[in-house]
Each structure stands twice: as structure tokens, then as C-alpha cells.
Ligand code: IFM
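Just the one chain here, laid out as C-alpha cells, in the form predicted on its own.
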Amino acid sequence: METQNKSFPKHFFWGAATSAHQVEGNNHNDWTEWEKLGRVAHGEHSGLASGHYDRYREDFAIAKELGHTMHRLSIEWSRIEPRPGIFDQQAIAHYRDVLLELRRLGIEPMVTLWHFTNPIWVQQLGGWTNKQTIDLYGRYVSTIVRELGDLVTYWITVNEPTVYSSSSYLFSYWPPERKNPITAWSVIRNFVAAHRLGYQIIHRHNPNAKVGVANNLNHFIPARRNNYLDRTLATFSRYWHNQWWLDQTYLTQDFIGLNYYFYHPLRFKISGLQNLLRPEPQDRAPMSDLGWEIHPHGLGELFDFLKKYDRPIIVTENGLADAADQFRAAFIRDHVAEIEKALQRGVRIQGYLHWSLIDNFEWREGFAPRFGLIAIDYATLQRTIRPSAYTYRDIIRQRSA
């Protein structure tokens, strides 16, 4: 075990992640408006979500009990700036209390400034299709950094910009349900500019801050390894989904945030863009409740891909929907093993944050997917620690000894 422990840096971060809209409850943003259209599974609304806004102390106390040393959370822009230029001091004070509680417990906060949701007034201006949103985002970031920056070292400017731009403006799966490649392209470029602006604002306030992006990176392979079209599709997908954003932004990232969920064997199909990019099921690996294949080795492949950017890496999300808690313990153990092997290969990895700390509202899929280390009874909001959370605690103890 001792040889194993030496693989991990002394100050390696262990923890979990959440996002405001998915756990807080009682938000009012573009997503809550879209939920009223009945697009979410079973017609669900986020509503009280997991009740975290009022019960964050309870949730963080459990995280501390489980040995977590970092927690990733997001700040809800629509709470901070409910109307243009009007900043809610009560909301700011709430997030200050949240951060102070983490600090009191000795848990390092990582703050995400934008995690998929927009104030309604921003969306009415066109959201991220409008270049004006870049400056509006910058004004919001300036306020957060001025008010809360003394409590935060680690920042995520935006979460999964390629997923959002594709899901919302290319595949019409998320609000505002557009399907226009030119619009999707303008959105992702506006995110690049917003990230760079956010990076500059944060570093002006604190030159020692650590700023990154939570990138959703997939392990794409050709479904038929000897098929030229499959290989071409996999190469294109790796470039567009994994590489393009990093090529534009890595010079303004102090660390790379890596969200890993998907292993995608791709088969070329001439049946429309969405079908062409649909993964080919392999029928070999275990699957999550959402039908996502579990392939830990894909994480190792992505670590090797990221080495060329010469930035430290923090796994900012990695998890699975598993209501029965059947696979989660092995899932965590196997993905941590991939981190350990990558560290031994010389990859600079500084932390692992499981998705998620508590069960949450999983966007269009609603409340059915259970990603949490902590189970939530949505009728009572009672918290119950899943057995896999204790497995994770033991892994943390072993790797931190």
C-alpha cells in the first residue's frame, strides 16, 4: 500500500461536485421557464431540487465526515443579478456563508461561475448568441470576485461550453431548443471570449488565483477499427469536442478541469447529423441507469491526451447514475486507479471530484437519475449516505496516508 500512496501528491484534492440549479431549489432562470413547457422527463420541474440552499451545512458536514478536502459548487447568476445591473446583497451574503462554512470545515472551495443557467433577462437578450452577454458576464464576474474573492482560490469560469452549445443550439435538446450550426459556432466563440475575460478579471483581483474550465471530454474510438469512415468520424469528434476548445483557451487556464463520463465507439451513418454522431453500443461493459457504458480506461487515455497542454489537471466531474448503488464503489475505485497509473506516467493530476455529492435534478432527465454519494428522499429531503460513499472515504484515507 505504501508504494501506492507515494503515487499521489501530498496535497491532492479529494471531494465531490454540485451545481446550483441542480441542488439548491427555488431558482428562477431560463431553465425554470423552460421546465414549464413540459420538456423534462415526466413533466418534472426542478422546484425544491435537493433543498441544498437551506441545508448546505448538513451536506458539507457529511462531506467532511467522508474525508473530502475540496468541494466544487456553482453560483447562480440569476440569484446574484435578478435584474440588469441590480445585485442582490442577500444572495451574495448567502454564498459568502456557504464559502465560510467550507473554509470552517477545512474543505477547499472550487467555484463555478456559470453552470448552464442564465438570468431570464440575459436570455431575453439572446443569451450566448449575443456578444453583449460576454460583457454582462464580465460585470457579474467582477461583482463575485470583489465580494467573495477573498474566500476562493480555485475558479471555473464556465462549465462544459461545448456540451451547452451543442445541446442547446445544434441538437435542440436543451433550452432554447435551436438547431443551427452557425448559431452554435457563434455561441462557442462567445464562450471563449467570456472565459478569457473572466480569467483576466479574476487575476487582476488575485494574481495567485487558479482559474480553469470544466471541460467535458469523451473517449472517442472508431466502432470498426479498420473502417476509414469510422476512423475519420472519431478523429473529427476528438478534435471538435475535446481539442478545439483547449487549443483556444489553454494559455488562459491555470489548470484543466476534466469532466469524464463517456466512452464513445462511433459508427458512420448517413442518416442526419444527430444519428451520425450517435455512439455504437458495444454490449460488453456494465451500464449506468442512463445507459452510459462504464469504461475507466477512457479516463487514462484522456490524461495522456492532455499532457501536451502542460497544465495541471483536476478531475472536476466523474460519476454515474446508479440508484441501487450497484456499480458506484467499483466505479470510483477503478477511476482512481486510472489516476494513479497516470501519475506514475508523469501526468500532473491535482484532484478528483466525484459527481455528485448529493442526488440532484439532472437537467432534461429530471429526478430519476441518482448520481449522489448521498441519497435524497425527495418527499422529505432526508439525506442518506450510500455505501459507496464509505468506499470512497476509505480510498481517500488509503491514498492520503
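Start at 1 with the first residue shown and count on from there. Computed from a prediction, not measured in an experiment: that's the story for all the values here.
Not pictured, yet referred to below: the form predicted together with the named molecule.
*Asks:* Just to confirm, Glu317 within 4.5 Å of the named molecule in the model of the complex by heavy atoms?
*Replies:* Looking in the model of the complex, residue contacts with the named molecule include Glu317, since a heavy atom lies within 4.5 Å.
*Asks:* Under a 4.5 Å heavy atom criterion, is His115 part of the interface with the named molecule in the model of the complex?
*Replies:* Yes - in the model of the complex, heavy atoms of His115 and the named molecule come within 4.5 Å of each other.
*Asks:* Any of the heavy atoms of Phe191 lying within 4.5 Å of the named molecule in the model of the complex?
*Replies:* No, no contact at 4.5 Å.
*Asks:* Should Tyr261 be counted as a contact of the named molecule in the model of the complex, where contact means heavy atoms within 4.5 Å?
*Replies:* Yes, contact at 4.5 Å.
*Asks:* Could you tell me which stretch in 159 to 167, 178 to 186, 125 to 133, 93 to 101 has residues with non-hydrogen atoms within 4.5 Å of the named molecule in the model of the complex?
*Replies:* Heavy atoms within 4.5 Å of the named molecule in the model of the complex occur in 159 to 167.
*Asks:* Given that the named molecule is left out here, which of Trp121, Trp292, Tyr250, Tyr140 has a heavy atom within 4.5 Å of it in the model of the complex?
*Replies:* Among Trp121, Trp292, Tyr250, Tyr140, a heavy atom within 4.5 Å of the named molecule in the model of the complex occurs only for Trp292.
*Asks:* Check each residue of 352 to 369 against the named molecule in the model of the complex and list those with a heavy atom within 4.5 Å, in sequence order.
*Replies:* Sequence-ordered list: Trp355, Glu362, Trp363.
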